[in-house]
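The structure tokens that follow cover one protein chain in two forms, given apart as structure 1 and structure 2.
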Structure 1
């Protein structure tokens, strides 16, 4: 992996690999989040991936991709601590494998630049029909989130736990903030994103990315940018009493989520220690929650822990029968106490370390997972997959116990069945 400065607040990350016959180019833009801006960037992301000035419809865009040996575009929009990450990417046949020796990676970069910098506009605004259509799509997507109850419960737990922090804002904001957006708002959001986001350009290829970087350098140097590379996400700290939130809905299975904080130091080793602890606690089939709360006690349909290293938190989410709510709650906390008290074996920790490192190394097998990992590692000081895997391998039983002792319960969320009119 080689990190290069391309322009102000724009860096390139070149991952040289001979394993693939395709090259991948992705532009990963990191921007602070709040309710209004998140909705604006979500809508902007949909519009930018819908059409461009040079390719105003699906037919013309698809033709351009076919002319690049059936290249494919990929896009993501996700929460990144207290920021959002907007990803625009293209996967294309590596230049070494073209039929006539063409250099098509540069053309692929141009298509990507067109999508980001040259959207389909009319009279200085986005084409109104495109704006209106994508606004409806985004509102429908937000409304549909309630149908996936597990994700809905986790999202509401985060909203309550991070109350007052940017991370509390749901991934796409809410329908009210989307509905209030105007075409002019989107034009301003587009300009703000290009000028103020920190940008990481990942290139996975057999060939040096110099010509690709030059294309992006030209575009970004044409803007007035004064952007510092800084991860603005702050570790969440528990303050005062545990927060409780309960909702009732037409569900057949209760959802119990417990949000915890865990102390993280500045060093990446502390993140690795916390990652192993969370995995031992509620990761794979070797974990405390799986073997005890789910299997031995049969208190839930699933029970797993999700680590958020950007915020120094983790959430245990479970699907339960409502009558098992108190038992499941106590069972989860009992397993945490088991680790705090040192009731954990070398085998349990080793099983976790093997699972985590195997997963990490497997990211090298696909350009998509490789690109995603290095995008999410943007603020980790040039750390490679192999570097982080070595940190995981170095975690001890004593480390896991020490991390567990810093854990504090922050938020409890329960989604239960609504009482019907004819219920007693």
Structure 2
């Protein structure tokens, strides 16, 4: 991994690798965001990847991408504590694997640059048809969240849990904020993002990135950049009282989510301790929740905990029979008490450490996990996957118990069956 300064607030990160058949370039922009700007950035990335100045409609852009051996213009929007990471990237087959010896990597890089910096504009605005189409798509995407109940339940738990904090805003905001966006708002959001976001450009390839960096330098230097790289690690402020939220719907299975807070220092060592605690509590099949709530009590198919290291929180979720709600709730809290009381063995903690380490090392073998790791690493003093794995290995049983003792229940969410059932 080699880090270079490309422009003001724009750094390059080169990950040289010969293990992939593809090369990828990703532009990761970090920016604080509220409800309206989250929606604006979400809509923006749909618009920028719909068409460009050179390819003025989605059919011609998609044809161009497919002719480049299915080059993939990807975008990704990540909640990162109270910030958002807006990612635009392109992944393309290496030139030496094309069927007829075509050179495609330069063309793919051009396409990415064109998508980010040269969108299709008409009279200083995005083309209205493109704006309208993508607004419809984004609203459909937000509404479609309800189709998968597990994700829907977790997302509503987070919204309640982080009430009043930027992290409470759902991944793409809400339909009202999207609906209220004007074409002018989007033009401003585009400009704001390019001028004010801290940018990390990752290149994963066997070829040196110098030429690519030069092109980005040219574009970013032509803008009046005003960037502050902030440390965005923000712990969740607990309100003291447990919050309760319940929803009813025409569902067969109840969804129980418990949101917890955990004291987290700034040091990565304390993040590693909390990560091991959350994993041994509700991670793999060796965890307290899997072995007890699922296997011994046979209450559910899944009962798992997921950690948010930027907020110092974790959410336990489970799909259960509605009449087992109390049993599952008590079962989860009992297992937490077990750890708090020191009823956790060296073997259990070791299982978690060895599993987490094993998974971390395998991040090196996937472009997507490598890319995300090294995008976020800029906020962790360039920490490598191996550095963090070492921190995980250093966690002790005592550390896990100490973390457990700081855990507080914050939010309880339940999605249950509506009384007036629909017989269809």
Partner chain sequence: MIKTYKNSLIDEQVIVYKHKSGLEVYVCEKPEFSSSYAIFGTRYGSIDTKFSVGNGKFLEVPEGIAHYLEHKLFESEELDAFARFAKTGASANAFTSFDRTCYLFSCSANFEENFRILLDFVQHPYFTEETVQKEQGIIGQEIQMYDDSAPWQVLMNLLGALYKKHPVRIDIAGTVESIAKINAGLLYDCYNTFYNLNNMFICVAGNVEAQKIFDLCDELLITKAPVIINRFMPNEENKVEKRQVEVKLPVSKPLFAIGFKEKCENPQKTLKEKVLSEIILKSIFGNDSPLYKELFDSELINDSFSAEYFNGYSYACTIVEGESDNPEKVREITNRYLSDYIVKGIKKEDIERAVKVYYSEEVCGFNSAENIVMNMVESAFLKTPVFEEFDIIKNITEVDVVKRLKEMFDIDNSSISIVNK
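Positions refer to the first chain, counted from 1. Superpose the two forms; the largest set of C-alphas matching within 1.5 Å is the rigid core. Computed from a predicted model, the values in this text were never measured in an experiment.
- In this pair, structure 2 matches the form predicted together with its partner chain, whereas the other structure does not.
- Positional change of residue 361 between structures 1 and 2 stays under 2 Å at the C-alpha, relative to the superposed core.
- After superposition on the rigid core, displacement of the C-alpha of residue 109 between structures 1 and 2 amounts to 2 Å or more.
- The Cα position of residue 411 differs by less than 2 Å between structures 1 and 2 after fitting on the rigid core.
- Superposing the two forms on their core, we find that the Cα atom of residue 69 is displaced by 5.9 Å between structures 1 and 2.
- In the core-superposed comparison between structures 1 and 2, the CA atom of residue 99 travels 10.0 Å.
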